[in-house]
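Let's start with one chain on its own, the form predicted alone, as structure tokens.
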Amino acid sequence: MVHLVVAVAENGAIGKDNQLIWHLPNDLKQFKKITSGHTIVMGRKTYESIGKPLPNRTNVIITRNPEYQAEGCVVVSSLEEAIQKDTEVYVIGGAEIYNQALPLTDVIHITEVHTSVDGDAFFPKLDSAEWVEVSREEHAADEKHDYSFDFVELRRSQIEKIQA
């Protein structure tokens, strides 16, 4: 099973200059809760923006560079190779990896951030006919969170799976 985990602004932005574009502590806690104990898959640039393997997870990095190494991580050359590392993987970015993974994805854990921001990396547009919202948890802006946001879980429509 392939999961995507992403935080997205209303204009689709997910990052700028290879960095997150907001600081939402509860989103980081939710990310940790969702991915801990699992295999996470990311592109090289995403890994380098994090700077180290995330604890209590198998970190898989996709890169075209056959010489690339990262201590404490598994390095592979394709998304297909990455998703063979476990029966359940969590794709955590970046934009290019999300684009590749979306057709293979069963579940999307999306934090909808209620703002539009300047970004240079964007999440692909979702076809609403392909996805069913199964849960939503709303959070207001507060002293620790500059923006309101919703935790949303989407599952691929069974109709879409039957037609595939």
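Predicted model, so just to flag it, every value in this text is computed and none were measured. Each residue number is its position in the shown sequence, starting from 1.
The following text describes the form predicted together with a small molecule, which does not appear among the structures shown.
Candidate site formed by Leu20, Gly43 and Ile62: every one of these residues places a non-hydrogen atom within 4.5 angstroms of the small molecule in the model of the complex. In the model of the complex, the small molecule sits within 4.5 Å of a heavy atom belonging to Ala95. The small molecule is not shown here, and in the model of the complex it never comes within 4.5 Å of any heavy atom of Val2. Although the partner is absent here, Arg155 is not a contact residue: none of its heavy atoms lies within 4.5 angstroms of the small molecule in the model of the complex. Though the partner is left out of this view, Ile14 does reach within 4.5 Å of the small molecule in the model of the complex, counting heavy atoms only. When you look in the model of the complex, the only residue of Gln100, Thr105, Thr58, Gln30 with a non-hydrogen atom within 4.5 Å of the small molecule is Gln100.
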